[in-house]
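Only one chain is shown below, in structure tokens, and it's the form predicted alone.
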Amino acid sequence: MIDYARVEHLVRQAGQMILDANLTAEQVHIKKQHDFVTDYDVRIQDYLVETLSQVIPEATFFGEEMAEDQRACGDGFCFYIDPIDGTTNFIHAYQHSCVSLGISSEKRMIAGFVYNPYTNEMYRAIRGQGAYLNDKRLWTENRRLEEGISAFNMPSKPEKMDDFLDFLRRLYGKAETIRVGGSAALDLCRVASGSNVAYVQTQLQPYDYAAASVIIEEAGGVISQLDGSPVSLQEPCFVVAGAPVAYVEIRNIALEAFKS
């Protein structure tokens, strides 16, 4: 039996580490173009790995700041950790970042916790028990694109830019409005809460969406790859999410724009 209350407490403690951070230029490092890591990303991940290992000693970990050959999720319990989702926002004191923690078992997501420490908002879900924002039960209202905010993030690969700009032009003609938040986990959770009606990103890592995927599904929303298959728990993929009707609409737009 997993002590989910303990897990939530640890995620909140990790969020407090973001709030308490005193970031300096020397603590910011470039992984690749437009992709940064800070000493706090590593510190928070290390804290979660150490403390969560006491909750489920046999669990493995799939963390953003781990080397790829250290990420090992098999059939047992696995924690998917993004210690600071929205690192660029964190670096610039944008105050829109979160701690994202997903738990899988037998290669299926069973729980997710996404915590925004700046607003003290904890999105959480346990498979079969519903999704919540703090103590409020979430249920995704089945709206169309023209009835809400569609969120997205820019592609990391420049060669995808022309297709993506075509996608945005098509989406702009259908959506009520569009937004870029800079934190995939939070933007996905806002699909669950209804603040966003849909979300698209051409490539995300499992630790970006693992936790949010449970929260969306438990709230009655839909999340998948572009071809409609389940999101991958092992490798990066194209992610489409939304309220049921908006999901179909935005996926069709993406299919048309990304034909190649």
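A quick note: this is a predicted structure, and the numbers were derived from the prediction, not measured. Numbering starts at 1 and follows the sequence shown.
Omitted from view is the form predicted in complex with adenosine-2'-monophosphate, to which the following refers.
- Contact with adenosine-2'-monophosphate in the model of the complex, judged by any heavy atom within 4.5 Å, is made by just one of T87, T140, S104, S150: T87.
- Interface residue among S213, Q201, Q45, N196 relative to adenosine-2'-monophosphate in the model of the complex, by the heavy atom within 4.5 Å criterion: Q201.
- Put simply, E218 is far from adenosine-2'-monophosphate in the model of the complex: not one heavy atom of it is within 4.5 Å.
- Using a 4.5 angstroms threshold between heavy atoms, A184 counts as touching adenosine-2'-monophosphate in the model of the complex.
- Contact check for D35: a non-hydrogen atom falls within 4.5 Å of adenosine-2'-monophosphate in the model of the complex.
- Taking the partner from the other structure, adenosine-2'-monophosphate in the model of the complex has a heavy atom within 4.5 Å of a heavy atom of M154.
- The candidate stretches are 163 to 171, 140 to 148, 78 to 86, 118 to 126, and the one lying within 4.5 Å of adenosine-2'-monophosphate in the model of the complex by heavy atoms is 78 to 86.
- Shown without its partner, the chain has E64 as the single residue in segment 43 to 72 with a non-hydrogen atom within 4.5 angstroms of adenosine-2'-monophosphate in the model of the complex.
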